[in-house]
Every structure is written in structure tokens, then in C-alpha cells.
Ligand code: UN1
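Here's a solo chain for you in C-alpha cells, the form predicted alone.
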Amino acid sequence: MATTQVETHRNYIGGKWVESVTGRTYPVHNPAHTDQLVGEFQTSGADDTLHAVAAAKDGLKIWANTPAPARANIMYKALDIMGRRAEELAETITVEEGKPISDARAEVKRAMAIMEYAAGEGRRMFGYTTPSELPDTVAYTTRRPLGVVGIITPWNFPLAIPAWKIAPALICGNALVFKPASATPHSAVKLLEIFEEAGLPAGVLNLVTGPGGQVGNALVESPDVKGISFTGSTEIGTDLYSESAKRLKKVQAEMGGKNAVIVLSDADMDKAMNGIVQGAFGSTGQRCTATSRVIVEESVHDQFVTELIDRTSKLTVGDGIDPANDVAPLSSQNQKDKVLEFIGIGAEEGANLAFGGRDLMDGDLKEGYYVEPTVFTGVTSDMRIAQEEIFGPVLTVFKAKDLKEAIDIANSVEFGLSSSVYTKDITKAYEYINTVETGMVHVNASTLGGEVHLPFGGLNSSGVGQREQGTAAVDFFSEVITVYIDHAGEAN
């Protein structure tokens, strides 16, 4: 997907594609071939953000008063357009973010499923009626949009995460200012093109690209922004939540993970291995739900490690656009440096580097941000590689004498996003479900992902505020209004 002419992309504010007030742009490069320029994008500042907020306030007047089923009609049109552009979108994701094309195609399908679900909610914006304790009185609830909402998304899912925030926010009647990750703005531009073609009214969805500090801070500080939906690091999310709370904004923040899989001695080892390898190394480990830790019952530990290393050694590494490759480059030099630093830390801490760990710089790989899939064994809970989110193709393996010790290890981190256990014992499965400290729990399945009609989110440092997706998304992006109507003809 190399291009001979580099396009300069603009912000989308008030239904128009406009240059930033700063007059500056920045480049985005292909992480598989860093000499290839994806495009130039606007380096926006606070003024651009405030212009977008003002445009959203104008768009809100139309959109909030549009019946929800009519909003859904536009969502269905956008879904149809996305389907026609699916392969183009997948290639865009791979070229700007780096992930394997199979993962990018799956991301597009997920975005489409989210859009389909959200459109269906246009006819399910339910309240409820209830008997009043007063005579001649009707009592019921209804929903109202928050107003102008800020959408701040990360680089690792540049289409799906924006879709799972934007779609429910729009169906609830809000007007939005969308700030995508600086590293992956091209997918965001294409998403805005889709909504523009679908006929979304001007000002309802606005795009501002550029540095998170200036744009994000402007959204937090603006009194016209009533809510913010954020996905990113725990550090930034915590600060954003705190500053927004001071201003009484409604906030949801989906943050980091250090997801663990427990493998018990009675597990289907082939099934477990497939889920763990895909969970750890799919999308180059750059998912908040990626499998970072594996806790293996000691009676099968050695057998498991032998098979894990064999499977990992067979993974092919290279440009994600080639469907033959299993593991693609990391998204940036910063990500590569961080992963290599953690690999060094793990070795210094005394963990056994059982496989991988190399900076891949041979042949075509020297053009990108490649790190060999890595497995550490002999890991203990006090090590940094056991506690901190690495966000790369690094898997740490622990040994536990039984389920109780395995759950203690799983719960020994500050994060609590996703987890999994492999076992055929239903009693042990429920013991795990009832005691593991994560917001999403899997039995005999990978830690990855989640279905669009179910809540997504974690506990502790993995998230704060209401959950995303499913009916939880409608709850976040709307306010419940309680109505009392006294229909008596005269005073009682």
C-alpha cells in the first residue's frame, strides 16, 4: 500500500475539512517500513479544540432533537459504507499501526458489529413506567443525551475503539469532539469520511488531530464539554478522571491490563496453548486484553513450557501486510524501546529468558520496529515484568502448586481487566470466577476481546467510571430523567 504522493489530511470541524489554527502538520510513518510516509496530519492546539466544541454545540441542537430511530438510519448507512470499504480500512490500519492484516480485518468486522448493535439501540432507548404513590399521577423515566462529549482513543485499535465510543454516543443524541491517537490518525480520517457520506449533520461529529496534552486538556477544561470517554494509559486516565471530576464531568476511562491465564493440570493443553499464543503474540501483544502472564499448575509446568517454546519458535515475524506473518512490528520506536527495556529488566531480575528477546534487525526487518516474541520462565510476583504493563510480545510464565496459589498470583497486580482459566473441573472454574479480581472472566478461552453487546472494562487500575459497550454504553452516554405528571382535573 505504498504511495508515491503523500496527502496532507485535515481536521473535520462543523462539517468541513479544515487546516489547524497552528498551521503545522506532523508526519506518520509505516512501522514496518519507517521510510514510508503514511501522510501528514494537523498539529492541532487548544484553539482548534474549542472551535470543534463550538461546532458540536451547534450540531447538538439538531441531533439531540432527531428521533433515535432516525439517528439509527444514518448509522445503518455508515455501516453499509464501512462494509464496502472494509479491505481499504484494514490495509489502512496495518500500514499506520503495524498489526497483521488478519487482525486488522478482524478489527474492521468488530467495528461493524459495534455499529450494527448501536443502530439497533435506536429503537431500544428504554425508560420505564412505575406506579406513583400519589393519586392521578403518572411516573416514568426517559433518556436525554449528555450534550457535547469528548472522545479520546489510543493507537492500538484505531478503528474499533473509536467506533465503540462514537456509535453509542451518537445513537444517544450527543455531539462529539473526537481526538484520535497522534500515531494513528489515518483510520480516524476514514471513519469521519464514512459518517460524512452517510449524511450525519454538520457539527455532530468533529475530528481534531494532534498532541494529546493540548487537545485533551482543552476538552477537560471546557465548560461546554459534559462528558469524556477515554482509553489509554492508567497514568493519563487517572489524571484525566481527577481533573474532570473537579469540573463535574461524566467520565469513563478504560486503562491498562496485566492479564493472566491459569492452566490447571486437567486442562485441554492444545486448546490452552492456542489461546495463550494468540493472546500473547497476536497484534504483537499490543492489546489491553493481551495475555501477559501464564500461571501453570506445577505438575504440568515443564510439559507446558516445552510446548509453549516450540509453538512460539514457529511464529513468523514480518510486515503485517503479508498474511503469511504471525507477528508484526511494534507501533513505534518508543514502543520498541520500552519492550526491549523490559526484556533487559527481566533478565536482570533473575527471570529465565527461555525464548526470544532479540531486537530483530536483519534483512527487511531492519526497516521496522521488530522485537522477537519473548518467553520468560521462573518469574515471581515481585518482579517488575510480573507487575507492569509491557504492551508487547512478552509472555511471563509462573509455577503454582494449586488453584488457590494461582489465583493469588493472578490477583497480585494493580490491574484487573481480563483473565482466563483452563480446566475441565466445573467446581474449580466457579471458584476461579468468584475470586479472581478482573472485570472480564474467561473459562477455557483466551483473555482477548469481548462481544459488542456485553460490558467491557476492568477493576482497580484497569478502569474507572461506567463500562463500555452493550447497554452500559447507553447508560454512560445518556442521562436518566424522572418525570411525574399530575393529571387530576382539580386539586385533591
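Given the structure is predicted, the values throughout are model-derived calculations rather than measurements. We number the residues from 1 along the sequence you see.
We do not show the form predicted in complex with ligand UN1, though everything after this point is about it.
Remark: Arg287 counts among the residues lining ligand UN1 in the predicted bound form, judged by a heavy atom distance of 4.5 Å or less. Although the partner is absent here, Phe178 lies well away from ligand UN1 in the predicted bound form, with no heavy atom inside 4.5 Å. Within this chain, Tyr432 is remote from the site of ligand UN1 in the predicted bound form, having no heavy atom within 4.5 Å. Proximity of Thr231 to ligand UN1 in the predicted bound form: non-hydrogen atoms within 4.5 Å are present. The stretch from 328-336, 244-252, 287-295, 397-405 that comes within 4.5 Å of ligand UN1 in the predicted bound form, counting heavy atoms only, is 287-295. Shown without its partner, this chain lists Val464, Leu448, Val28, Ala32 as candidates; in the predicted bound form, only Leu448 has a non-hydrogen atom within 4.5 angstroms of ligand UN1. Residue in contact with ligand UN1 in the predicted bound form (any heavy atom within 4.5 Å), chosen from Arg110, Lys77, Arg311, Arg85: Arg110. For the partner-free chain shown, just Trp164 of 162-183 comes within 4.5 angstroms of ligand UN1 in the predicted bound form, judged by any non-hydrogen atom.
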